[in-house]
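Heads up, what comes next is one protein chain in two forms, each shown on its own as structure tokens, labelled structure 1 and structure 2.
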Structure 1
């Protein structure tokens, strides 16, 4: 007591010290409680996709994922219908430096560009070769850049050759294997009055033109760009032969003159209305052509794309897969989502709900899938012949060059030789820079 009376400031000091400790403990407790609450809050992963795909995703995929992983939520952002606009939105977000998207829903042709720019997480060491064996080989290749894996395939896609089975059966014909056989059978069916036109394909100047041409080029033994050496093959004889054959379908009256303005839907409606015997398109045509209101329901068959005599066919690979944004703050949760969405059971549900083509090989012969889509075993054969568009970082620019000059050659604004010399030179200049 005497000490306290002589030094009263010490009592005040003790009181202030204890009050400070009490406040600090209270603040720390508040922080710990906040952390505990935050730890219990689910992580939200965002991804952008085309509007038509969003609803099937939510119904067939997201609900199942969130039930299995209650600590993770998936926010599907609906974008435009056009895939090139989705690519632009992803690109803009990445260029801003802090993309709001954790998962990246990617068209196969985006992989080189996005990976080369450093926008994606390298997944190579996260999966084993045994795990990758369950996927189509070419789908896995479509997710690589410089031998590193950046994207796991979610759904596949490949160019399909459609034919009127009923008309071929009527004349005792087998489906054509070569480009020459296609021309012969088309003319026979036209002359017999069965169809006004033989063959329709996508000839408008857009990405679909490049996809279609990759198949014809492969069928003539040519190539566009060798990704390993960056050699350009557009001015080689095989390329000129491929263009001349496409031009001949119009000049010889097998394809309608307007085919050089057609995209997928124009050709699909043309074929589905019974105006053509043969069609090059994608798997999405099958359920539409076999719908109850279709004039050709039950009358069509499918097979791999055709080829020149002595060559092999190739179907252009399409399809979508999932990657992880390098700027994501939730990369481990995003990896859980990628693994789940690319696994067998969710893919099966997605296929049954939306009718897409699987990337898992086992699903092409899955009893549930085949019961609903009996043509899927044939699709596996087609996917097995798939070829990639050049997996180069400058693909978008290279495709633009090809589209411009190929369109000029097909519409007789330039000769094939002149057009492809110019296309090859511009492509070589692009690759050097």
Structure 2
């Protein structure tokens, strides 16, 4: 006061200083307020999956998660039905650098490639060995690369052989065990006018073809790539026998010619509308084929895939799990989501909704699950015989080679020998690089 009385011109500065202070306080509080508002805004976690998977995901799990974690929203983006097309979409998103997906809904066959490329958060130190004990070992192994864990399994999967129990009973037949029996029974049922076609399988050029073929190959005693030695078995006689048998299903009129263009959903609709006696597919078919609107409700049975005389059968191991994208800006929220979706309760609801195979061991004998799905004991027996597609980092390219040449052989564009010689050579070159 005294000072300004002695130097009156200084009071202007004092006024300015107050004004400056007031403006600074206002600015600071508006920043703080907008931070607080932003902190309360829910974080959205995005993930991509096939359309048939998206519906049970949303219905069985997402609503419950969002209720439990009001600050996190889950955006399920529906993609195409083929797993390899979903993989391509994730891959191009990762290659562009800033992936729009926080969570990665991963097929078991993608782990080596995605982990080797450095696209996933390493989850190894976030889970204890005791926590991992709750899951089936094969499903955990499917999420590992170089002994590090990148994906927690949400559900398992395995190839299943479906048969029309009502038709077999009518003719006093037991379900077929061998590929030859399948042909004989198909022809009998077709000739007696019970069903127009015998057997449907996935013959289109896509990942489902490779999965189906692994089973036929196993049933003929062959192999694709030995993951330990990288030996390639595609040009061996067992592989040629497997292809010749698949070709014979069409040439002998047991499978419809269109089978070489079918994915899972085409084969399911075909079987479900009563047009075929036998089907190779995955467990998701069971609840749909037994729904009220199905022509074959209550008329089907399941068993492990077939084999050639003197050989053993094998189911292809499939399955899906969750990983976290390294470029996600919400990795902590994503981890909360991974933990929730892979825990027992949400998985039970998911299994009950879609008829999938659990990855949580306790659900194998869960009273609710077993009561709803009486075929569970057989399903578990099938999962026990599951064989892996080669767990190698170059799997996507190896599968692409097999799909191309196998499709050429199945559609008579190349002989099986010529096609598999080329496929084996390309695969060997790929594995050397």
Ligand code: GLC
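Just so we're on the same page, rigid core means the largest C-alpha set that superposes within 1.5 Å between forms. Residue numbers count along the first chain shown, from 1. What you see is a predicted model, and the numbers here were worked out from it, not measured in a lab.
Participant: Please identify the form predicted in complex with the named molecule: structure 1 or structure 2?
Facilitator: The form predicted in complex with the named molecule is the one given as structure 2; the other form is structure 1.
Participant: Using C-alpha superpositions, by what angle in degrees does the smaller rigid part rotate between the two structures?
Facilitator: The rotation of the smaller rigid part against the larger one between the two structures is 22 degrees.
Participant: Where the rigid core has been superposed, how far does the Cα of residue 106 end up moving between the two structures, given in Å?
Facilitator: Value for residue 106 between the two structures: 2.6 Å of C-alpha shift.
Participant: Can you give the CA shift of residue 131 between the two structures, in Å, with the two forms fit on their core?
Facilitator: Rounded to one decimal, the shift is 6.8 Å.
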